[in-house]
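This document opens with one chain alone, in structure tokens, the form predicted on its own.
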Amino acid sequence: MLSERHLEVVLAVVYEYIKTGEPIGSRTIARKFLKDRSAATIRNEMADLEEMEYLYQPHTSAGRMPTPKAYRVYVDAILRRQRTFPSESEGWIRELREKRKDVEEALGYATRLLGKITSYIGVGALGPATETVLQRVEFLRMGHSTVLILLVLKGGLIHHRTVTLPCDMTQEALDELSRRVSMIALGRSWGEIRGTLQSYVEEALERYADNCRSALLEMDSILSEKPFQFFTGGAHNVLGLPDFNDLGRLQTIMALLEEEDSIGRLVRGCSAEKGLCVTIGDENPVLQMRDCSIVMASTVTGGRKAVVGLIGPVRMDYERSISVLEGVLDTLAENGESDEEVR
């Protein structure tokens, strides 16, 4: 557990290192941040923090640099206090507000905006709302034992899949199943009704239980996939960052951004259900991103889940990045309660 004195040193070292990129000495901390303490006292506290793995010394005569553990303390401190959106970005936010009617255009613009403001890589994803709400379910007989499952979700999204059931069912039986399932499902989330539908199958449709169980498993598969449409913006921004001078590291990041599956894992691994998530260095779920930090947040806009984020170095300007991201997220979410259908 960090003492208050140790915490002050950690926060000062991280803040200064983000600004300069150079190892920080005890004299700098004493002169700029902790003027009531001597450099010798701060040097001893830095040595303690090195033993606790919050700081490290690249070589004996150098100052200290923060570890990911120190960055985590710094970021958690930022998240506990109120932040304001940078005033110079107000013009871009007005443009984003004007584009909200087209959710895809707005999110694409938001990723480019994030990259431009921060000089990092903006990423975005657009998918179904977290709570998938069913409006209608239909089962259509296509042939012997073959059925088309059609799911209509709130907001106008439609999913369908052709499946093979254990045995054949007449269209009349499928219509009855559609009617009953739709009646149970109408206006409720899939998470709420999954158990109710299973009980209904067991008790009321014993004759077709195997078929219905198969159909419900397929519905669960469809609604759990939550496919995303991905956006990136400002990938060229990292070319000017000293943290990405390593060509191999840069190539790895660029290759990952071109793979939809990799971006998908990144988005699902880093985005909170609703709110903001900061993933630092080796906390990242994607191995290739262990030298990066990711700030990501999600909301619901126009009936769909929107995820926006930034990829940058571990020595990221977290306070500015978080403030900018929250400003963009708030703008996207201003029409988040709209009941308009997504086209």
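This is a predicted model, so every value here is computed, not measured. Each residue number is its position in the shown sequence, starting from 1.
Not on display, but discussed next: the form predicted together with the DNA.
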One stretch from 278-286, 307-315, 291-299, 43-51 that, in the model of the complex, holds residues within 4.5 Å of the DNA by heavy atom: 43-51
Distance check, R37 to the DNA in the model of the complex, heavy atom within 4.5 Å: yes
is_contact(S26, the DNA) in the model of the complex, heavy atom dist at most 4.5 Å: yes
4.5 angstroms heavy atom contact with the DNA in the model of the complex for G63: yes
